[in-house]
Ligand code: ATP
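Read the single chain below, which is given as structure tokens and is the form predicted alone.
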Amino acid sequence: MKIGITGGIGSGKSTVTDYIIKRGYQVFDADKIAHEIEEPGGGVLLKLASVFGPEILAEDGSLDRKTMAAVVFSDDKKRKILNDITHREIHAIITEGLSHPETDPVFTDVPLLFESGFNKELDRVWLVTASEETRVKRVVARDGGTPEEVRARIRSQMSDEEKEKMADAVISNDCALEELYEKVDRLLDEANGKINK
């Protein structure tokens, strides 16, 4: 069984996937793959620099992610170009990995799962959600920036309400860590056929 995990910025999706990995399941992480394919000297980074200009590169030749984010988050067309360049490569790597899974179920962690249409290739999708207030606090604490900047990023993404209509399970993450893990454990038991849906 192939299960996708998704959620907006600050929802706590990484906390869920980290726990699933601790439980011994294989997870293909789109963000980690993106970092790998955007390494200096790689074809993807060269393409990004040719499209968006050398200012997106840091002094050491790596991708300056803050500059890149500033360029695309306020411009839908530029964001689509960035996604087209990176998603194709990430999709190919994840698809190859899912065709030779090491665990059952096998998971994929993709932030823009529904937006990219990748959900159609999976058996189930688990959506991680949290209130906007919680998400803003988490992202400000993690990345810095202002609450207004974080809210703008949240609103640039598909809403949780839209995603909930397409998800098979919703993991509400406005709770203590122990409670979050219990919710994930129940879904894992269900996926393994230990309890009826």
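From 1 onward, residues are counted along the sequence shown. Being a predicted model, the structure only gives us computed values, none of them experimental.
Below, we turn to the form predicted together with adenosine-5'-triphosphate (ATP), even though it does not appear here.
Trainee: Between R142, K165, K32, R65, only one gets a heavy atom within 4.5 angstroms of adenosine-5'-triphosphate (ATP) in the predicted complex; which residue is that?
Mentor: If I apply the 4.5 Å criterion carefully, the residue I get is R142.
Trainee: I'd like to check something about I9: if you look in the predicted complex, is any of its heavy atoms closer than or equal to 4.5 Å to a heavy atom of adenosine-5'-triphosphate (ATP)?
Mentor: Result yes; I9 sits at the interface with adenosine-5'-triphosphate (ATP) in the predicted complex.
Trainee: Would you please decide whether I21 lies within 4.5 angstroms of adenosine-5'-triphosphate (ATP) in the predicted complex, comparing each non-hydrogen atom pair?
Mentor: Output for I21 is no: heavy atoms all beyond 4.5 Å of adenosine-5'-triphosphate (ATP).
Trainee: Although adenosine-5'-triphosphate (ATP) is absent from this view, report whether C175 comes within 4.5 Å of it in the predicted complex, heavy atoms only.
Mentor: Yes, contact at 4.5 Å.
Trainee: Under a 4.5 Å heavy atom criterion, is K47 part of the interface with adenosine-5'-triphosphate (ATP) in the predicted complex?
Mentor: It does not: once adenosine-5'-triphosphate (ATP) is placed as it appears in the predicted complex, K47 has no heavy atom within 4.5 Å of it.
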